[in-house]
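Let's start with one chain on its own, the form predicted on its own, as structure tokens.
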């Protein structure tokens, strides 16, 4: 009547259905949770250089250097459905040639079980802050924002911006020193 294979198939299909229902239950219990926390960003040093751009035509481009302090308590974000957080500090600004420029300056992965209180001092940009022209010099509205992706065990991958940002002006003149 029912062979071993058909019984194994029925058992496998039922188990898969139960696992799918449990996974959906995991997702739905944390799907509507607010993942924003207060973030404090303080910039202590801004430096601007005009350097050769070797990626395109032989022109010079702006290269910004930022030293910043960052503090946030990420503990409220973590619950049983959060595997890790991918944090990144980005700069947004407008220039004459582009209405919106976004540059990632720094990032960090925070795993479950690690220290969730960020208290970083005198951090330098991890990535180059290049502009594709001379749009950083004398730009008065460069906004730094800490955002994160929540990597869940089950469910969607939300992108969340922290509830704190800082706007800063860049200098009117270029630095001529060799060091940062």
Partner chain sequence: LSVYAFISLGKMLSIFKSIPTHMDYKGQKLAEQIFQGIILISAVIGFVYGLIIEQFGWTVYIVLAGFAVSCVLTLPPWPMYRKNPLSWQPVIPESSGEPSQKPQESLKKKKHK
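Throughout, rigid core stands for the largest set of C-alpha atoms superposing within 1.5 Å between the two forms. Positions refer to the first chain, counted from 1. Nothing here was measured: the structure is a model prediction, and the numbers come from that model.
Separately, the form predicted in complex with the partner chain exists; it is not shown, and the next lines address it.
Visitor: Pick from 114-122, 134-142, 25-33, 60-68: which stretch has a heavy atom within 4.5 Å of the partner chain in the predicted complex?
Guide: Partner-contacting stretch among the options: 25-33.
Visitor: Indicate whether residue 93 is a 4.5 Å heavy atom neighbour of the partner chain in the predicted complex.
Guide: Outside the cut-off, so no.
Visitor: In the predicted complex, is there a heavy atom of the partner chain that lies within 4.5 Å of any heavy atom of residue 106, even though the partner is absent here?
Guide: Outside the cut-off, so no.
Visitor: Though only this chain appears here, would residue 176 touch the partner chain in the predicted complex if you measure heavy atom gaps against 4.5 Å?
Guide: Residue 176 lies outside the contact set for the partner chain.
Visitor: Residue-level question: is residue 157 within 4.5 Å of the partner chain in the predicted complex, judged on heavy atoms?
Guide: Residue 157: no, not in contact with the partner chain in the predicted complex.
Visitor: Check each residue of 148-162 against the partner chain in the predicted complex and list those with a heavy atom within 4.5 Å, in sequence order.
Guide: Going through 148-162 in order - heavy atoms within 4.5 Å of the partner chain in the predicted complex - there is one hit, 153.
Visitor: So with the core overlaid, does the Cα of residue 157 end up 2 Å or more away between this form and the one not shown?
Guide: No; residue 157 is a residue whose C-alpha shifts by less than 2 Å between this form and the one not shown when the cores are overlaid.
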